[in-house]
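In the structure tokens that follow, a single protein chain appears in two forms: structure 1, then structure 2.
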Structure 1
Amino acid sequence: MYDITPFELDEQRDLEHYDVWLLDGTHSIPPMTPLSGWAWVQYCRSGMQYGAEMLSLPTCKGWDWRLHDHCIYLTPLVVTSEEEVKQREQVFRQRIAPIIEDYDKVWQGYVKEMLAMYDHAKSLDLEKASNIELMEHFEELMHINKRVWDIHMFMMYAVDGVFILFENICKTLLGIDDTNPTFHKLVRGFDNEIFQADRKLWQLSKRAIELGIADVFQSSKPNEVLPKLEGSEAGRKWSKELYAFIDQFGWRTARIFEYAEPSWVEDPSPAIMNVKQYLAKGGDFNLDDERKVLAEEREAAEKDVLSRVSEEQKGWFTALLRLAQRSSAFSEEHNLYIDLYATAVIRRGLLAIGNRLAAAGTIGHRDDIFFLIPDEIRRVCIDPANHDLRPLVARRRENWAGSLKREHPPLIGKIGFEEAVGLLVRSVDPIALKIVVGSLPVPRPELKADLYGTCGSPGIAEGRARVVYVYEDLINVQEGEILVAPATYVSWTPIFSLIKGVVVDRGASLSHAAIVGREYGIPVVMNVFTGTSAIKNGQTIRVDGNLGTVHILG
């Protein structure tokens, strides 16, 4: 299927040059629509190579990427010559220094740049724009796409590298690894942007009680709530407050860089669902108190570890600790400012073009735009009526729908998984190690577990399993259940306040499930690979974050 991108996996030729291609299960399961997949493989890939090069990462030049059946497959570009490693190390010293010296200054500078780009893009009146203006807008969006990925990967390589160092130092200097609760206490309990959105939602739930309209939420589906609220003054008041929230925090989609998913700006139902869930938790639940406890625990843990570090080491250890705490916050914040915001802004423009093409009959429906690739959009955008892309869309749609049902092998290559992991270890690629691929679980038969994974967040929990593949299924999650998913995404964050534990097929210590599990103090077991197929809805399971095991109790 070379008609989507020049990055379609050629199983013969691509395996002559590279030994193995690994599935990016964290991001591309379920499979992505063609336009989203195109953008992902173009810009995330080039961003990764840009980041590795600009930072002069000593051992890895980023990854090469392929699309295969609408999923992403990766292979690391390992620096093989030791001489080149040495040269890259020298440049690395200079490039990473500003981030280590003043992380906030660097990151806030980028945030400002990105927000300015989004504001400019959002300022276009899409209804009034001519076809030519829409075309120009499309190019602007693609430029945004490229730039935010460059920033994303440059920062992430630096920040994840720091986090790995912190993990290693904690192990060697203090004897605490990532299964030790102290480790997680050290890096959690900060008030980051994502959490502020959660707090606003929680406050909106309190507001609903105050205004005496809580029963509307309990008796209605999320999409029915707003129309019902229009009937009363209290309801209209609440809606106004909700829209103020959406204006500030609603530039997010359910899934990062999947343009086919609606953003909260278009449909605030997800926000309403979160409010519903907070209401279900009952009146005495207090999010602020929970956060306060975490912050206090962190301070106590800091005091404890600092008392165990020698005077000579205290200076750099403290600086490293602060950076690691920032790394953890970055993992959440970058999602908000890059992954979610850019996706929502790009989707906004794509929908306008989709509407224009559908009106001209070029495609059958607005959302068919997600089955085109940029060159096709460029071909038809100025004079859409003279083109009919419906057969193309139909063929791609059918193929994509099929991919949702097909199995996607975790790797395609000449070598097995263990050797592939060896290759990753050799690349020392911080993003591969900490987010996308993670470490390989070690089965320990003596524990008699049904699934073996790695520790994302420590603790033990027992409860009913709730298997969730897509965002829409989150509505079914009941309080006290254990979430089982291929991976979790930033838009899923609020659900973590309801559940007792998490099992994800793929992930590592800086992926979403681990970071948020840590923040909410619930156990997370990661990289079990087959969790979503082995565990059935409603089964009682026990998850042990410390050991990285899952027992299916029946």
Structure 2
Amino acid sequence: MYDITPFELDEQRDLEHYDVWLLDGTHSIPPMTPLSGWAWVQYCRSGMQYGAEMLSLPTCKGWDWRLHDHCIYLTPLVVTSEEEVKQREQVFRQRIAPIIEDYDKVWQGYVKEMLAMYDHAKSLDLEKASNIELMEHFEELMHINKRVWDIHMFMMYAVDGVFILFENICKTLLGIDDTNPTFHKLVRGFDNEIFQADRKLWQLSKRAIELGIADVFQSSKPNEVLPKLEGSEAGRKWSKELYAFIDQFGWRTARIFEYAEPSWVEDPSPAIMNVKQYLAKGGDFNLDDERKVLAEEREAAEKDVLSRVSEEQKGWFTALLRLAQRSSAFSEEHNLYIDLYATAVIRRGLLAIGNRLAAAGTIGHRDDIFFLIPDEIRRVCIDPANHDLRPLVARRRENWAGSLKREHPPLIGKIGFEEAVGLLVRSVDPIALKIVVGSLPVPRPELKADLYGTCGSPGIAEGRARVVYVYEDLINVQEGEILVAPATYVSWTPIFSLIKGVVVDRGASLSHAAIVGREYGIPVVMNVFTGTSAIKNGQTIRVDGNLGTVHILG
């Protein structure tokens, strides 16, 4: 399918060295286009190994990745030697210290570096660029791709690793883990750039009311709003304010590192959809009032737990607490500055190359660029008229379209699911434990629940279920419903202002649904595994985030 790249899964060879390859369903369902899949496996793989080695994670050297039928599969690189674990632990303590001491300095330094890369890439006039300039731009984009994954995984391993250290000390000293409501109170109630963007969208909804144009939004589909607003001075004024927002926060796509997805810069309809939903909801911006309550609860929880920690342990406990409290903000902000921004900037350049190749007849349409891999782009970019890749693209498109309909095994290997989860747990990999796998549910028959999961955010809610699989279906979400999904993503964040609770098939304490649910003060039950198949649209359900249960009431 990929013409034998080093990243295609070879079951015979790859299972000689590794017991299992696990499907990353969060990121590759629906299956990825060839260029996006290739780039993910190349750069996420190298980024994870870079981050793990630069920090000297004691028990894991990152993950290895493979492509299989347009999906991405992973396996952890577990450190099995006890002597090596001890050696790595000593180095890890030294290398994590600067981040514990001054997280803001380290993270903001990386943000500055990434924004400089994006600004330079965006400065190129793509229409006037020569073929060799586009070729050099492509290499720049690939460098951005690699570098942001290095930063992504270095920082994520550091922050999530400290989160695990903090959870461990809480288990030892307080008898609580990261599913406990008290633990949640300790780490929530903080602002971040994604929430700032959501607040600006809410402010745009208020501006529509002030300018007397709210009826245009309420009576139109998102893609119809801007053309209608051009007919009035007030409408044009609002549109100008929208584009100012898009210039700052619109470098995002619905799906991370899938280059075939349009960005808000190209099509602001997703932003307008959020404005429509804020208009329908009315009232104040949820997070402003909620954060005051959460901050008060956090301060009370801190005072309580610190009173139970001895003086000799208080310094280390407090240092870990402060960085653990930044984990949620980092999780959301890295999505903005890395996953979304990089995807949109890289897509911008790829489309320009696609236009050039399509004009020369090398491919049939600019979007065919997403069905090539980098060495093919390098081969044809300088002299595209002498190459015809249309048969290759047609074959890959057909195969990709088929993969959208095919079932994809959750794992490929010599061991079963429970053993595979055990392998991830033994790796003590922070990303596996706190984002991908999480705690497994423990059924409690006496509760007579229909579904058992784990607590992502405490609280109890009852309401109508809204099952959502893809971003495009979020427009159907109504105020007061309970969202049921395989997982949620940063592009879904504004919906949390409308809903009363969340049920996700998979998730952990630092996954998106848990983080945002805690900040909005709504219950989240994670790792129910079969929520999207067991719950139907319109059913009334009760979500108990405290107990990690879901009852289907009818």
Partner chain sequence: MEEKWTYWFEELGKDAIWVAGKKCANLGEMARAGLPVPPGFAISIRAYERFVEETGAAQEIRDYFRDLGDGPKNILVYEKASREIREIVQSKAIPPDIQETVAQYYQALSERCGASDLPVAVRSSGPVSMPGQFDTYLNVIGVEELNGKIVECWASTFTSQAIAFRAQKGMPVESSPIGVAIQRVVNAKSAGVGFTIHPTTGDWSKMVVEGLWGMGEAVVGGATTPDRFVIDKETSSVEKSVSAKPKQVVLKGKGTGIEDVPTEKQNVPCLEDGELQRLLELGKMLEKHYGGPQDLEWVVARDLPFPANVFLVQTRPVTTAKEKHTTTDTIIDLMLGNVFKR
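Fair warning: this is a prediction, and the values are worked out from it, not measured in the lab. Superpose the two forms; the largest set of C-alphas matching within 1.5 Å is the rigid core. By convention here, residues take numbers in order along the sequence of structure 1, the first being 1.
Form assignment for the chain places structure 2 as the one matching the criterion, namely the form predicted alone.
Once the rigid core is overlaid between structures 1 and 2, K237 does not reach a Cα shift of 2 Å, moving by less than that.
Taking the rigid core as fixed, one finds a CA shift for R466 of 2 Å or more between structures 1 and 2.
Superposition of the core reveals a Cα shift of 2 Å or more for L186 between structures 1 and 2. Aligning the rigid core between structures 1 and 2 leaves the CA of I535 offset by 3.4 Å. After superposing on the rigid core, the C-alpha of P445 is displaced by 4.6 Å between structures 1 and 2.
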